[in-house]
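The chain below stands alone and is given in structure tokens; this is the form predicted alone.
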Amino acid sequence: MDDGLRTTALTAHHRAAGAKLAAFAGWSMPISFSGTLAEHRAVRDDVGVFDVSHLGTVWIEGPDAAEVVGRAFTNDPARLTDGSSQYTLCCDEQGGVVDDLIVYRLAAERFVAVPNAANTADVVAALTTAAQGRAARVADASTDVAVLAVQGPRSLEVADQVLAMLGAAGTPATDTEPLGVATVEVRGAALLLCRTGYTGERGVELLVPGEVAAPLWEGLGAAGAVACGLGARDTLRLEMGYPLHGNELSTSRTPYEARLGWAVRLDRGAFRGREALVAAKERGPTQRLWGLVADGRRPARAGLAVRRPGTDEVVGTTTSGSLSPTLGVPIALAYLDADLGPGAQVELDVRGPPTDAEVVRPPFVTSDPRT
């Protein structure tokens, strides 16, 4: 613990490196090391590494593991094969989004879910409820696991180089398919290598025992991976239009408002929130989440009013915003009235005269992490 905040296996390393640390979802987390802009560019152009050990690690195991996952979340785990993953949502009974997360299938009776830090307890509760009366065990291993995200064009090469130094056989990062997951042995311990990420670039997320975190972090740095904080993680995900819980996602929004209906499989059995989601889909959303590209250089922020041009009519609100490091223009995500869509012109209230903006379909930056 650090002033009442939870710490990761690498917090001492971050402090020694001079990282800017701040509270995030009850954790002491690095916000930046060398600066958000430099870290952002490192991931877009080369390779960066993030300590994201605040993320949850929740195991679901047993003969009914797939059924438990399916009843707790919106996507269909029956579509998964061994060594694959899917994006899914945990909704409440009213159809609001409790969390968005990735579920990985290691085997028919062995799954692991990685929820957001602030929502791990709620996700564990949903899984535990779904497991009642079924042959499955739910175990929250979050405090025992460190999570390192290696992201960028050279991420697979660098990850394989460092894993080999720690005793791993072969080239597991390069050999694992996008959205795949593999178990890798290093120094007598097993880690999970997941071909996923939150930056829009190719990369891996490594779920490792706490004692392996330091040598892995140090090895990645020695191999050229730039240490990155949550500031760069936020600007990177925003350029891709990826939603962030607490900004774009909450229990007051349904997946259809967030344009995440593709992660909801209604054509199967019961799951939490299904009836409310059926009704929400039938009536259609009154607002939808879109991107905005604004004129000028004043960065957009969350909570700005969006208006029809030349009027006082408020048609939406921004949920995230920044000056895009890659594009050099203000970008934002916003919930807008359902009659608005890509190509529409709006105005943003950005501390001064109204700023013209265009509604766009994210991502703002073209990238292909599936390579």
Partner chain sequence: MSEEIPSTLRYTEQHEWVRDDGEVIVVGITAFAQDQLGDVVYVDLPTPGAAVEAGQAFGEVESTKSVSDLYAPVAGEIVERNEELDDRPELVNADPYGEGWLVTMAPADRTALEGLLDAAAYRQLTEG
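Computed from a predicted model, the values in this text were never measured in an experiment. Residue numbers count along the first chain shown, from 1.
The form predicted in complex with the partner chain is left out here; the points below concern that form.
Whether Lys20, Arg297 and Leu323 all lie within 4.5 angstroms of the partner chain in the predicted complex by heavy atom: Affirmative, all three are within 4.5 Å.
Could you tell me which one of Pro63, Gly310, Gly35, Gly343 places a heavy atom within 4.5 Å of the partner chain in the predicted complex? Checking each option against the partner chain in the predicted complex, the one that comes within 4.5 Å is Gly35.
Let me know the one among Arg237, Arg137, Arg301, Lys281 whose heavy atoms come within 4.5 Å of the partner chain in the predicted complex, would you? Of Arg237, Arg137, Arg301, Lys281, the residue with a heavy atom within 4.5 Å of the partner chain in the predicted complex is Arg301.
Contact label in the predicted complex: Arg361 to the partner chain, heavy atom within 4.5 Å: Arg361: no, not in contact with the partner chain in the predicted complex.
Heavy atoms, 4.5 Å, the partner chain in the predicted complex: which of 310-318, 52-60, 37-45, 331-339 makes the cut? Say which one. Only one stretch passes the 4.5 Å heavy-atom test: 37-45.
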